[in-house]
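Below, in structure tokens: the form predicted alone, a single chain.
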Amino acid sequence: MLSLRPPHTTFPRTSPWLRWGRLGGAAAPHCLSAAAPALARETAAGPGSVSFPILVNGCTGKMGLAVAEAAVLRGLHLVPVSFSSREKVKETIQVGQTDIRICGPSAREDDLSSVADEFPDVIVVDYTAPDSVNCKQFNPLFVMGTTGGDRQLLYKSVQDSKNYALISPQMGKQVVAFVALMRIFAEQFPGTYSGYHLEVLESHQASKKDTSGTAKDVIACFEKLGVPYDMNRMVKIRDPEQQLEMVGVPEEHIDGHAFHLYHLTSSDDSASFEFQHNVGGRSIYAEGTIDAAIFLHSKVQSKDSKRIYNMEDVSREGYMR
């Protein structure tokens, strides 16, 4: 079994994740479904005051479906069309009271033009391939959460279009705010942790093969704070059994989670600091995506600058209604 006690530093006798998780200390908090936070919010506050058409691509996938459900619960008008990067897909799916027709790549241009005619102020949400919203006949306002594709080409094509867009590889508004806070911390207090030792542990679903981009961003902040770090030392946990028993990931989120732990220890082991952010499921990303769409809609209505926005811009605006 993998030990969470890292080399060259003194962790507490029980691993932080073991104390936080199921093998001791408080149990990992229950994580709600994607729809639950939105439903609770709407139940408490009533229907949202903003409504506009939103087209969610990739509704046959878990993330796209979570976003579509969150859009309905926030009172947005879900366009009954969705685009897939695959040609052979289920023809329709139901989200709330809306039957959504799923279209393959070959029908994209004609169908997008029809959508533009019927819903001129539509905002497109896309978690598929970047070219899903790149169409010569249709220049939509869009929110994109994809992490793949040619990023430089994507940004150039959007800038050339001279339109509104929001692009972010991380749609969890609270996670984005945490990383921004760490960046400010590093800028304001450079070298604060000089001489300290850093250990990083991250756990994601087994299908994620690469290193967390969020972890890389936070590590860069710690390096500015005076703590050098070798990325090869990062503990990356992908085994479901270890995630259940050692990390404390709720079983229902084994196939979709992002748990991060950063542990700093002084050279004489007399002081230690921990930073931790754990996400189970997709609700935080679905809610963040809807906040991003509402944010972009507000920029259009107020005729603000046509440019590429990001999730830090959304976080600065506060709660989106």
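Numbering starts at 1 and runs along the sequence shown. All values reported here derive from a predicted model rather than from experimental measurement.
FYI, the form predicted in complex with a small molecule isn't displayed, but the following is about it.
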{"item": "Candidate stretches 152-160, 116-124, 205-213, 246-254 - the one whose heavy atoms come within 4.5 Å of the small molecule in the predicted complex", "value": "205-213"}
{"item": "The small molecule contact at residue 68 in the predicted complex, heavy atom, 4.5 Å", "value": "no"}
{"item": "is_contact(residue 80, the small molecule) in the predicted complex, heavy atom dist at most 4.5 Å", "value": "no"}
{"item": "Partner contact for residue 54 in the predicted complex: the small molecule, 4.5 angstroms, heavy atom", "value": "no"}
{"item": "Contact label in the predicted complex: residue 294 to the small molecule, heavy atom within 4.5 Å", "value": "no"}
{"item": "Contact assignment for the small molecule in the predicted complex, among 75, 226, 169, 96, heavy atom within 4.5 Å", "value": "169"}
